[in-house]
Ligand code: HEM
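Next up is one chain by itself, shown in structure tokens, the form predicted alone.
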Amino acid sequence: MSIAQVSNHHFLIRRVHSLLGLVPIGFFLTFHLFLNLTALRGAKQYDLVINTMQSFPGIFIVELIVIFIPIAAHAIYGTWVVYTGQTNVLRYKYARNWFYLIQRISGLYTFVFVITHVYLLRFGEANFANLSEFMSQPLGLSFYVLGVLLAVFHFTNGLWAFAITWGLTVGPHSQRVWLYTLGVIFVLMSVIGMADIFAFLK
């Protein structure tokens, strides 16, 4: 395989990787944050929503295809990028290089966070009481707060790279506007995420 073919191969993988970060993973994250707002209406309402979703025919197959496999593929390639220590090919300025580093750290933490969260919901007792008990512990609360914030950061910062990778922001002005937009999205999603957590602490 020639150098050009290897370069094209990795370019294609990076595009698929960034696309998976948006669809379906990003959509799932956004949906999940809004879904958990039902916890603000109390344990009974939250448990009803979760039990209804888990009772859908073929829900595990849907979760496997739409959620688990894309997340696994995204995480495996992301972990490989971290392990190989690839340089920042987009040659961002210093601040952006810090974002690049935090993106990798947040990706690893989010992967552990998602595995733990799925285990608690899918293989444990998926109810309000157990999540509330877990988050009532200082370590459990810290784990969830950090997990939500880093997951939202990973998603919104990933959207920055997505727009560049797919040629959506090609100039300084469009990139600056997109940066401000992502800042607003990060704040809004973080507020929703913290509201979700607060609901389990009431």
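Note that the coordinates shown come from a computational prediction; the quantities given were computed from them, not determined experimentally. From 1 onward, residues are counted along the sequence shown.
As for the form predicted together with protoporphyrin IX containing FE (HEM), it is not shown, yet the points below apply to it.
Look at 137 to 145, 160 to 168, 59 to 67, 38 to 46: in the predicted complex, residues with non-hydrogen atoms within 4.5 angstroms of protoporphyrin IX containing FE (HEM) sit in 160 to 168.
Put simply, of 22, 185, 192, 179 only one has a heavy atom within 4.5 Å of protoporphyrin IX containing FE (HEM) in the predicted complex, and it is 22. Protoporphyrin IX containing FE (HEM) is not drawn, but in the predicted complex it has no heavy atom within 4.5 Å of residue 128. In the predicted complex, no heavy atom of residue 132 sits within 4.5 Å of protoporphyrin IX containing FE (HEM). Contact check for residue 116: every heavy atom lies farther than 4.5 Å from protoporphyrin IX containing FE (HEM) in the predicted complex.
Interface membership of residue 14, defined by any non-hydrogen atom within 4.5 Å of protoporphyrin IX containing FE (HEM) in the predicted complex, is confirmed. Interface residues of 139 to 157, taken as those with a heavy atom within 4.5 Å of protoporphyrin IX containing FE (HEM) in the predicted complex (partner not displayed): 151, 154, 155, in sequence order.
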